Every structure is written in C-alpha cells, then in structure tokens.
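The chain below stands alone and is given as structure tokens, in the form predicted on its own.
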Amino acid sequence: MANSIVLPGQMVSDKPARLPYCYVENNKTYATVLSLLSDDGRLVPLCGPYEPLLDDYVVSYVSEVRFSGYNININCPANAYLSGREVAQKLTVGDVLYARISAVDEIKSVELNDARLLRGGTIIEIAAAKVPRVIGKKNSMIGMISAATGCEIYVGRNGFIWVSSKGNQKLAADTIRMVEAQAHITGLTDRIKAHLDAHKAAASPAAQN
C-alpha cells in the first residue's frame, strides 16, 4: 500500500476526523505536522511533541511522591497526576508505570488511572509521532519485534517504550530505533523482518559452528 507525504496545512480528509496532529476547519481535516497518509486514510505523523489524549495508554515514571498520590512524568512539559487510590501498593520515585489517561483539561493537565507497575526492564524514548509505526497495523510491528526477541514490550503513546530485561533487550531496542529512523520509508515491515531474521540466523548453533 502506497504512502504519500502530507505537509503541514495540507488537507487529509474532506470530512471532520479525530486524527492526531490535525485540526478541523470548515468541516475538513488538515495536518499540523509532516506526516504519512496511506491509501486507507491512516495518518502517521513524522514529527511533533506528544499531545496527551483521553484514553491514551502511556509508559511513565514517578517523579514525585505527594501526600495523596504521585506526580508522573509522561514525557510532557507538565506532569500527570495519579491518585494513591489507583494503585494497590505504595510507589517510589523512579517506579515505571503503564497507565491510561483518564482526564485532560483545556490547559493539558492530565490525570491517570488503570496503572500497572512495570519491573525489571528499561525505558526507551523515541519521537512520539513515530509510535504508530512502532506499533504497526493491529500491533503487527511490535508483535513481530516481541516474538523475535522474547521481550515483553509496552509501548506508550507518549514515546516512552518499556522493554523487559528478559529476552534480547539490546536487539529489541536496536530494532525499535530502526523503525523510528526509517518510519517514513515504504517497505518498512519487510526490512524489519529481514533484520530480525538475520540476527536469528546469526545466533543459531549452525552459524556459530
């Protein structure tokens, strides 16, 4: 399926559409950042900071412990807030979470819920606009990377990605970086598959004899 480059201010739909990094004017939808537009109408931004949206799932970490909850870094200028009632155990600064954005107000103050504590891994930071390419259609890209590396991977819409230490963490991180760097180039899925297959072949017993 072909992708076309969309420039800021270019129309991406002749109808109002709720798309990331877009605005609606006169019942038409326009891009605000450089993006890729597929034939089926999917828009993949190629730049731009993370814009928190209701129901986004984010990878984040505790930046401050407060009396009744926690300030959480979600890769935005302002911290998000997580109530202590939303977690079963006490958290400490640096604890990594996977959580849902439950509220965003007009000044982009964010509240979180459905938080899950992630242990035994590391956070990789990529451009938030490249996250859809890392996820892939119906989780195809991230599923392929996880299966090939044996790593548990949580992808946040905010550009933070948590990769477990169980599995080939370095290969997973390198592959995610490759997706980020080549997000604008067609045939990406085939190249990533070839990259992972090459590492699998090189690590096989026959290749090491």
Partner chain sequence: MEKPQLIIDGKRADGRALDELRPIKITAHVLNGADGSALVEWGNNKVLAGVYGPRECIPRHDASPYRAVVRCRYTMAPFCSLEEHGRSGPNRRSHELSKVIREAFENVVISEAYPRTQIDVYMEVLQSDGGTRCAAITAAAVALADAGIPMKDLVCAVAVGKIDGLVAVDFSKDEDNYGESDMPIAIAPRNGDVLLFQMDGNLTREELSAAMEMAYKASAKISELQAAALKAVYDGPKKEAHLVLGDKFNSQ
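Positions refer to the first chain, counted from 1. Rigid core here is just the name for the largest C-alpha set that superposes within 1.5 Å across the two forms. Bear in mind the structure is a predicted one, so any value in this text is a computation, not a measurement.
Separately, the form predicted together with its partner chain exists; it is not shown, and the next lines address it.
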Residue within 4.5 Å of its partner chain in the predicted bound form by heavy atom, from S38, T32, S140, S165, is T32
Its partner chain in the predicted bound form has a heavy atom of only one listed residue within 4.5 Å, and of S83, S102, S109, T122 that residue is S109
Mark G69 yes when one of its heavy atoms lies within 4.5 Å of a heavy atom of its partner chain in the predicted bound form, and no otherwise. no
Is there a heavy atom of G9 no more than 4.5 Å from a heavy atom of its partner chain in the predicted bound form? yes
Test of understanding: in the predicted bound form, would G94 fall inside 4.5 Å of its partner chain by heavy atoms? no
Give a yes or no for D56: in the predicted bound form, does one of its heavy atoms lie within 4.5 Å of a heavy atom belonging to its partner chain? no
Which residues from 147-175 come close to its partner chain in the predicted bound form, meaning a heavy atom within 4.5 Å? K170, D174
Core superposition between this form and the one not shown, C-alpha change of S35 at least 2 Å: yes
After a core superposition, would you say G187 shifts its C-alpha by at least 2 Å between this form and the one not shown? no
